[in-house]
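Just one chain follows, in the form predicted on its own, and it is written as structure tokens.
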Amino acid sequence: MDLREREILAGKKHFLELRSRALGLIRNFFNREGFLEVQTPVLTTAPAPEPHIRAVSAGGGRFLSTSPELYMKRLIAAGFDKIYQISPAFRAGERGRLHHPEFTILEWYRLGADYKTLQDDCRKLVQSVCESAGPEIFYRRGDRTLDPYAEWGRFTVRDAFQKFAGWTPGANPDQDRFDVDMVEKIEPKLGFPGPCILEDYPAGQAALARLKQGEPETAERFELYWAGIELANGFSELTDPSEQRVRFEAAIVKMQAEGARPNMPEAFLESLEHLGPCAGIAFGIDRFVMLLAGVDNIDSVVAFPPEMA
């Protein structure tokens, strides 16, 4: 270890202490709410086929987990009703101010719930952690003050695009146009001063989400934003194994066209035969701690960014 590395690591002590405290508070919250903490495999033979996510090969036909989602839903199908997990996740090609190829993810699942229940969970979780995390919390983003207790904003995707981008996406909008406008025109407007819910995504933007009853062009999916940063992605789960297989097959065709060779997650599809109505969500720990710490890059709140690993 050279002097420069020692200085970098020593400079992170404050942020890593905050991270540790936040993780403890998150666990306390879910334990109080009656959730069971679980641990699922990091190595898997079949991550969920999603064209925008690339799994990291671990050799021998296995991959590093992109998310514990499929395993956790198999637990719900087996009779568990409220579970959560804090675990590493891995995605190839992700590197930036808000992205690492290895990151820490919080996921929780509720039997008999929908995406509206998860939205309420998010509010209670964020406010509970912020209330107890200590005086080190910096509620600022640039020159703007943040307030987790302010009224939380809420937009449907349709309304947000109409208001900020000037057009209305249908069930399957042009992917490039949707992504660019989301990043450049929508996200920067969300989550000031309090967090914001962006809900009711186009059906084509939700590979594992249930469609809204009576609105087949809309999926029961939402994302949580704070200070223009996506913190969480949750939805009412699709529990129809036939429909889920059709969606996976379409995703696999797209991925194969781009050179990937994903496997069909057969064990997960079999479990859907026993999965009742439920909802689940993924929440980014690194980004949340970054906001609590008042810094602009998740490199600051992890001990070893990719270049130092």
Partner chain sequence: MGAVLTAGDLRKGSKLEIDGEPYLVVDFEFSKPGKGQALYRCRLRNMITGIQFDRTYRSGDKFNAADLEEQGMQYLYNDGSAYHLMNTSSYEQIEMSAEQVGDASNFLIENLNVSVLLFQGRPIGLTLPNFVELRIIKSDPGIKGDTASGSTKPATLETGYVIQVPLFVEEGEVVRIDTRTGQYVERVKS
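What you see is a predicted model; the values in this text were computed from it and never measured. Positions refer to the first chain, counted from 1.
FYI, the form predicted together with the partner chain isn't displayed, but the following is about it.
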- Message: Each of Gly24, Glu37 and Asp120 within 4.5 Å of the partner chain in the model of the complex, by any heavy atom, yes or no?
- Response: no
- May I ask you to check whether Leu272 falls inside a 4.5 Å heavy atom distance of the partner chain in the model of the complex? no
- Exercise: Ala78 in contact with the partner chain in the model of the complex, heavy atom 4.5 Å: no
- Could you tell me if Gln175 has a non-hydrogen atom within 4.5 Å of the partner chain in the model of the complex? yes
- Examine Asp200 and determine whether its closest non-hydrogen atom to the partner chain in the model of the complex is within 4.5 angstroms. no
- Task: Consider the chain as shown here, without its partner, and state which of Thr104, Thr239, Asn233, Thr218 has a heavy atom within 4.5 Å of the partner chain in the model of the complex.
- Result: Asn233
- Message: Quick check on this chain: which one of Ala150, Leu111, Val180, Ala171 has a heavy atom within 4.5 Å of the partner chain in the model of the complex?
- Response: Val180
- Which single stretch, out of 242-250, 25-33, 45-53, 273-281, brings residue heavy atoms within 4.5 Å of the partner chain in the model of the complex? 45-53
- Task: Residue by residue through 55-82, tell me which have a non-hydrogen atom within 4.5 angstroms of the partner chain in the model of the complex.
- Result: Glu69
